[in-house]
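Just the one chain here, the form predicted alone, laid out as structure tokens.
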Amino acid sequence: MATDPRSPAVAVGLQGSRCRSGCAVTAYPAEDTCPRCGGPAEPEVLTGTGTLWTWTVQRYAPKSPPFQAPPGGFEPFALGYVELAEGVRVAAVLDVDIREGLDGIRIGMPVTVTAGHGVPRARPMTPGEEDS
């Protein structure tokens, strides 16, 4: 694919792909071929909404490179897999402050996923967003 699906230059949603053959598998990030059957795949904008499938807390700094510590140094963060409406699971950093506790994170909670530099980010949906 010509465009990096994790690029912030992508204006709308997560850039995935869907198999054009019979299996119709959705993939993220976008692939030129289907990961299941090897057939051709075409770009598809994914909804970016889904549910938290599982999660953990990253308590130590990842390998460097590619990780670059922020100016204040490394701080633990929550990381999870989100199952999108299209059925694909996406790894994402959870935008929650774990210093306030982990009670706000639960498997099955509705989230919104956005692309950016590196790993996508997921944030819990507000009650108003859940209803729409």
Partner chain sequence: MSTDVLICGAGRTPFGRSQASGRQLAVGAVNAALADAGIEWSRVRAAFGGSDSAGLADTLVAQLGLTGVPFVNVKNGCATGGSALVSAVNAIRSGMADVVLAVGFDKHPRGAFDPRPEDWGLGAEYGSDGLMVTTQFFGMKIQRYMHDHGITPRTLALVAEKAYRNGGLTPEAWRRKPVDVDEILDSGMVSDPLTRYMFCSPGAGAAALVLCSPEAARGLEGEPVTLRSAAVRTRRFGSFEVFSPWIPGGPLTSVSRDASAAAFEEAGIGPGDVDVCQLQDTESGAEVMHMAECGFCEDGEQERLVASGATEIGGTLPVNTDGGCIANGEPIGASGLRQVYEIVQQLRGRAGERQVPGEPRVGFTHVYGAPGVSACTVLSH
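Note that the structure is a prediction, hence the values are computed from the model and not measured. Numbering follows the first chain given and starts at 1.
Only in words, not in the display: the form predicted together with the partner chain, which the text now covers.
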Is Val45 near the partner chain? Define near as a heavy atom within 4.5 Å, in the predicted bound form. no
Taking the partner chain as it sits in the predicted bound form, is Val90 near enough to touch it, meaning that at least one heavy atom pair lies within 4.5 angstroms? yes
Please tell me whether any heavy atom belonging to Lys63 falls inside 4.5 Å of a heavy atom of the partner chain, as the geometry stands in the predicted bound form. yes
Mark Pro35 yes when one of its heavy atoms lies within 4.5 Å of a heavy atom of the partner chain in the predicted bound form, and no otherwise. yes
So in the predicted bound form, are Ala85, Ala115 and Glu129 all sitting within 4.5 Å of the partner chain, heavy atoms only? no
Any residue of 64-87 that, in the predicted bound form, places a heavy atom within 4.5 Å of the partner chain: Pro66, Phe67, Gln68, Phe77, Leu79, Gly80, Tyr81, Glu83, Gly87
